[in-house]
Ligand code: NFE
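Just one chain follows, in the form predicted alone, and it is written as structure tokens.
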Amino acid sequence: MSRTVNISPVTRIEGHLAIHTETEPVAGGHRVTSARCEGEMFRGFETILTGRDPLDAQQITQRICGVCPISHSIASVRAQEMAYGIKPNRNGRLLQNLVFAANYLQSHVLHFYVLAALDFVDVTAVLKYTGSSRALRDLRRWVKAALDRSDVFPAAPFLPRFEADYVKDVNVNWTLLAHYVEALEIRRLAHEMAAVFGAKLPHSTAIVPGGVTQAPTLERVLAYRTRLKEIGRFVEDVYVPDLVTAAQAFPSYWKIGGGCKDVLSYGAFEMDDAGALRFPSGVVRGGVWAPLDIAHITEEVRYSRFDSGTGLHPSRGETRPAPRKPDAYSWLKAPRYQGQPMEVGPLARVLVAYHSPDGQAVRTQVDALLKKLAVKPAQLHSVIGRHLCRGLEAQWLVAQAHQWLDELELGAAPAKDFVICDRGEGHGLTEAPRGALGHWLSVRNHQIERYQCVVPTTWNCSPRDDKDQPGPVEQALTGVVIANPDHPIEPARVVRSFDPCIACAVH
């Protein structure tokens, strides 16, 4: 007998997301035959920005999200830099990269340990812990308090908890839970590291067109590097090994949540004035790399709660809410590339680098890890694959940040001067931790005439488009077998592997 299985709200993500699935009975449970991702609120940041000073943009757009604010500031200043006809000076580029890298690291650590790990480890097992670990004793107290007050705080960090298959080895389970507590400290260090050059976090006041306002000094470099070394230790000794442990404990998730299998990356972290990128841009369709052409990006709204024109390029995009629009089911638009849904995020970035003409170093590293796990590159299109790609990126950024520190010129200007244009247009393309992020800006009479954002989760959690094609997460959910529809852990694991940020997507 077919059955509707809903997860509403999806917890342990940023923002308000509902997942509605239709299923059919199969051996072992119920298989998802169709899915809908529903962004459940409207915020209107693009409307707020109209008519304001362009320099307000990098401050206001950071408020779209408290987890990835630096991504929005970078995209915003890139759009302004194009409109003003400037580029950051050398120190400005390096300092923006260092603040951005710190924000990436905190986001990746936050996602695996705080948002996703509780899908794999049994947090209630800590209630039986009687050892001497301070971290586990603290966690036992937190979990007990959450359970005791679940009637008051039903969305506490550890709840709701599904009855499901978790890590079976008790000692491994306790070890991973101890790392959960340690990850909270590591995330704090990463925020401090970003604030060394970013002035404050989560919303930095220091990032401006042309660079940052904080000049590099020896004291600041040492403050950043000290924290970077500790975060690097955690990434190498804890985070990546824990990802491997999860991959080995849940091998079936190499085959679950594949999605549309076409990926897109704008690229991020400029390495020189010529525009070389540490994370390259491109698209991979059918396993074949191609250069990115942003002219092919459109936003469709057939099933979105907007009456904006459909199929518009973001540079001409509109934000006109239509809450009672017939057949619409989400406050997310449906971005498409050449009319097709595209997955964005760490998996997309790794695959674009892996398949790119200059990707030999990435191919060597990725192939070595996959050989250790006895899986093939195609299996990266999966729940486990997305998690592993975040770990790889964390390793790359730790190493790269050390190099960027070495390249700084102490005491030299941290930014290039600029003048706000009377008329101009620009776009800022970068990669937030969750994927491709674009800001499109038009300036008239020194004010913002039009502003449009297309964010990572708008790509991934988009509704169906004008051709009725499901979005990437909707496709990833299709075919998933739910063992117990009353405890749908399987679709929850798939959704959280994308690390949705609905706060960004419904900006």
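Bear in mind that the values here come from a model prediction, so they are computed numbers and not experimental data. Start at 1 with the first residue shown and count on from there.
What follows is about the form predicted in complex with ligand NFE, which we do not show.
Using a 4.5 angstroms limit between non-hydrogen atoms, residue 387 is distant from ligand NFE in the predicted complex. Looking at residue 433, you'd find a heavy atom of it within 4.5 angstroms of ligand NFE in the predicted complex. Not displayed here, ligand NFE is approached by residue 72 to within 4.5 Å at the level of heavy atoms in the predicted complex. Contact annotation: residue 463 falls outside 4.5 Å of ligand NFE in the predicted complex, judged by heavy atom distances. Contact with ligand NFE in the predicted complex, defined as a heavy atom within 4.5 Å, holds for exactly one of 441, 65, 37, 476, namely 65. Contact with ligand NFE in the predicted complex, judged by any heavy atom within 4.5 Å, is made by just one of 196, 98, 334, 437: 437.
Exactly one of the stretches 28-36, 51-59, 477-485, 454-462 approaches ligand NFE in the predicted complex with heavy atoms within 4.5 Å, and it is 454-462.
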